[in-house]
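A single chain, nothing else alongside it, follows as structure tokens in the form predicted alone.
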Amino acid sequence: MCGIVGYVGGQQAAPMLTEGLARLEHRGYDSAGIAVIGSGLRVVKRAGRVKDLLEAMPKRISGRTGIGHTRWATHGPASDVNAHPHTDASGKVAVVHNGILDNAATLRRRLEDAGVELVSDTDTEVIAHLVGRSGAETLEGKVVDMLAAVEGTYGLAVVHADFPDRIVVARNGSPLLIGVGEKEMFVASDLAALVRHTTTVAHLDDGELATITASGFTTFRGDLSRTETAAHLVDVDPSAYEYGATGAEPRMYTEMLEQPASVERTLRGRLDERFGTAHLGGLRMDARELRAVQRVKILGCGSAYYAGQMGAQLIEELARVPADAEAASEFRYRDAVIDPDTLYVAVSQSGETADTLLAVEEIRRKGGRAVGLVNVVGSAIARACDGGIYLHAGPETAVASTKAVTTMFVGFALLALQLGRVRDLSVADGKRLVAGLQQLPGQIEKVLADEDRLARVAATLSQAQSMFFVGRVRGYPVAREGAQKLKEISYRHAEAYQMSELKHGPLALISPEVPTVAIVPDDELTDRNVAALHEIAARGGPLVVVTHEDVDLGELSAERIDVPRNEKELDPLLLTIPLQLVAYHAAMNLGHDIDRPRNLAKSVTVE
């Protein structure tokens, strides 16, 4: 969940590192630091944001090799001493590390018994001491010796004052990629740190190490045998990453406004109007293989999980195939039965979510078929899967996901449409859904245009300490995602419930101090949903109803938010958009840092 950046080349390393860290701050923002090798090893690190690091840096810190890190705390609180990079007793070794060492406590005791004084609370510090104490003659050998002693996950970069021309990096379960420049090289945990300088990258696999010098890189395994990892050109638009720490608007806000264009990109070239179907070549499954699928299991975490619930509903409705979604973090621990006739779909914005990646690896190990629904080309989940659907949402760096969630829904709609059309979904229904998908970008724009009204609703809701989000069938995952957004950035307690479950407990908590946000589409359940709202109103509960303009709420006293109508299967997406704006404006009303909510980071690459 932290950010790594490294540089070796002809330029001064410090400015390259701090620029990269600013672009990675969404991955960790409780402390930051750099280590630069010039006439010796120089380390500067501070608790706080990258701007705090910049304020603490001397005017000149010379050296052409260095590494940097933005931290999200796992071991020990945010402090100057716990910030990365960490050094050994000699002051010659510096290490930055993402991940968690499972045997850190054992290694700390072993080092302390040997007379080593550990100064931080982190697991990472032991890596620096192990490298420094190795008797190997090369930096590569020292790192290999260290890795033989550690257990756990890591993406790490090591520099040593005695080897000033190189960085040695290693990966096991935490993303790491190498950027190839002109007589200069980069390393990072995220493409965002590199894209201004190069889009030619190499992705390390688990168990792989690399030596990086200004002239190139070599990759190898723990036994020092060479591997053949090659760099390739990534098809991205560098300008899409040109946002910045000085932007006037929070990144979440700009990403919400990008949703019409993101959905358009996700659909581009994938709709077949003539036959009323979708073409998803990335799945690498022909019609016969698609027809053989007897069940679909969707795995994701957080908002990706809720998008997966929406997707499961779509697949069951359109393809008439049993489908369900499960939290990937639970799936991999329950020794799930892997069915060869089940299609497993792994959902992740970053493509690096640790729990989801480990679930995919377990599925593949047991002979199951897994496809990915991810936003990052070349990401670990994309490479681990048998095929997949790229979202093409564009870079998303706000912790609270918006455009990735909407494109996940669209990706599932495309998958459901293709699965349906190789089965019993009629061409007429297929064409109906193709037309509905084509309408989505314009309809999302209409919802976003109602921002002022949504901001007023948010201002009222932000004053409540707790609230419910409720929905039924298609509306329930929408309610879960709405509650998630509000919790993430406003820090107000929000709980999602099925509307049908209100009588089975939650009604006891309804009062004038506890608002309810209800998702009420115009569908076969509208009358039942409206009846449930009257039960809430009868107990004095304030109501906000997200619905369609034709829905008759009777004499119900409620704040009403109308969204455009699409096909009933696609309506959940449009019902989700206003909840994003409500969460955003509630957090703004409370004065919170929208893009850097407390205790959270963008990419969850550790358990």
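A residue's number is simply how far along the shown sequence it sits, counting from 1. What you see is a predicted model; the values in this text were computed from it and never measured.
The same protein has a further form, the form predicted together with a small molecule, not shown here; the description that follows concerns it.
**Student:** Answer with yes or no whether Thr353 is in contact with the small molecule in the predicted complex, where contact means some heavy atom within 4.5 Å.
**Tutor:** Yes, Thr353 is a contact residue.
**Student:** Looking at the partner-bound form in the predicted complex, is His129 within 4.5 Å of the small molecule by any heavy atom?
**Tutor:** Heavy-atom contact with the small molecule at 4.5 Å: absent for His129.
**Student:** Is it the case that Thr406, even though its partner is missing from this view, gets within 4.5 Å of the small molecule in the predicted complex, heavy atoms only?
**Tutor:** Close contact is absent here: in the predicted complex, Thr406 is far from the small molecule, nothing within 4.5 Å, heavy atoms only.
**Student:** At the 4.5 Å heavy atom threshold, is Asn98 in contact with the small molecule in the predicted complex?
**Tutor:** Residue-level check for Asn98: no, no contact with the small molecule.
**Student:** Select, from the options 495-503, 270-278, 104-112, 303-311, the stretch whose residues sit within 4.5 angstroms of the small molecule in the predicted complex by heavy atom distance.
**Tutor:** Selected range: 303-311.
**Student:** Given that the small molecule is left out here, which of Ala370, Val478, Ala400, Val168 has a heavy atom within 4.5 Å of it in the predicted complex?
**Tutor:** Checked against the cut-off, the match is Ala400.
**Student:** If the cut-off is 4.5 angstroms on heavy atoms, which of these, Thr266, Asn529, Ser379, Gln349, is the one near the small molecule in the predicted complex?
**Tutor:** In short, Gln349.
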